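Form predicted on its own, single chain, as structure tokens, below.
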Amino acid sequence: MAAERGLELVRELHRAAGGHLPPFRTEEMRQALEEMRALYERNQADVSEAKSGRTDLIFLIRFRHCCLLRNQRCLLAYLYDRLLRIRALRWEYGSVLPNTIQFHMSAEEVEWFNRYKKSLATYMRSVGGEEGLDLTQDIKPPKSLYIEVRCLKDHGEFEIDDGTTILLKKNSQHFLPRWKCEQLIRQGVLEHVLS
């Protein structure tokens, strides 16, 4: 059936659970674009004939045009949804994405992510006075200013605001300011110990 390639890309994204980013389907995108080009060329040829008096081709031309529009909407929805997921990954993982996620991104998506993180960093530096304001710190409102955390892997020295340096070794537990360790929790270095 016509215009199924673009719809299959959208279905694949819909099946990906919880904002997971599936691999970018370059070949399927190319095939959908080739299908659109072929439909457009056939329409152009039939439009020339329809102008010369063949009115029986009008319905076929309209059908192909609808297929073109459907494929276009599907491809744009696929690309837009992927960008929304990549933008959400910036807030979840910070400015450096894990290699497993970057592997699933196209070169253009990596470039878009880099421009987005630079734009976000510029904005955060422009608000909040001299030091700026890190908008990625408190994703959820904190219930307390300090939390107990357990180190999941060796991370090395970690300095907090008062100048105290803490050695983050695997399985060590610490009582730290929430805003200083939230990024490390998202990166998987620390875990919040719930009592």
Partner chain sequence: MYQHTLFGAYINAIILLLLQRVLLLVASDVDALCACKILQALFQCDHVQYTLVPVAGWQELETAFLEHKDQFKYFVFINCGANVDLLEILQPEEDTFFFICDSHRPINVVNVYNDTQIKLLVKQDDDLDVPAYDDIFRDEEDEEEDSEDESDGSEPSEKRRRFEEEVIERTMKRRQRREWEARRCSAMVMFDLAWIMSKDLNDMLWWAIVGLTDQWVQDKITQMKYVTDIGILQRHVSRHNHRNEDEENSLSIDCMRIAFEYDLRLALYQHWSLYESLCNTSYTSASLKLWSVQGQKRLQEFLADMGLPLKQVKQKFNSMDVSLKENLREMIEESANKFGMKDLRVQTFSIHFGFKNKFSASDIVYATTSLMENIEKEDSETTNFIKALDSLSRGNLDKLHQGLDLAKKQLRAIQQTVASCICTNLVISQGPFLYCSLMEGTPDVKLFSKPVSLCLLSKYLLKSFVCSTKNKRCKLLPLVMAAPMDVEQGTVIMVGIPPEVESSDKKNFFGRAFEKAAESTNSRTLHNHFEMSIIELKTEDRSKFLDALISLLS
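Residue numbers count along the first chain shown, from 1. Given the structure is predicted, the values throughout are model-derived calculations rather than measurements. The term rigid core refers to the most C-alpha atoms you can superpose between the two forms while keeping them within 1.5 Å.
In what follows, reference is made to the form predicted together with the partner chain, a form of this protein that is not presented.
A.B. asks: Report whether the minimum heavy atom distance between residue 66 and the partner chain in the model of the complex is within 4.5 Å.
C.D. replies: Outside the cut-off, so no.
A.B. asks: Even though the partner chain is not shown here, does residue 40 get within 4.5 Å of it in the model of the complex, heavy atoms only?
C.D. replies: The answer is no: residue 40 has no heavy atom within 4.5 Å of the partner chain.
A.B. asks: Test of understanding: in the model of the complex, would residue 164 fall inside 4.5 Å of the partner chain by heavy atoms?
C.D. replies: Because a heavy atom of residue 164 falls inside 4.5 Å of the partner chain in the model of the complex, the answer is yes.
A.B. asks: Using heavy atoms and a 4.5 Å limit, would one call residue 157 a contact residue for the partner chain in the model of the complex?
C.D. replies: The answer is yes: residue 157 has a heavy atom within 4.5 Å of the partner chain.
A.B. asks: Of the options 51, 62, 140, 169, which one has a non-hydrogen atom that comes within 4.5 Å of the partner chain in the model of the complex?
C.D. replies: Among 51, 62, 140, 169, a heavy atom within 4.5 Å of the partner chain in the model of the complex occurs only for 169.
A.B. asks: Can you pick out, from 28, 46, 148, 134, the residue that has a heavy atom within 4.5 Å of the partner chain in the model of the complex?
C.D. replies: Exactly one listed residue reaches within 4.5 Å, namely 148.
A.B. asks: The partner chain isn't shown here, but in the model of the complex, which of 66 to 74, 126 to 134, 32 to 40, 148 to 156 has heavy atoms within 4.5 Å of it?
C.D. replies: The contacting stretch is 148 to 156.
A.B. asks: Taking the rigid core as the superposition reference, indicate whether the CA of residue 68 shifts 2 angstroms or more between the shown form and the other one.
C.D. replies: Shift at residue 68: below 2 Å after core fit.
A.B. asks: Superposing on the rigid core, do we see a C-alpha displacement of 2 Å or more at residue 11 between the shown form and the other one?
C.D. replies: The answer is no, as the C-alpha of residue 11 shifts between the shown form and the other one by less than 2 Å after core alignment.
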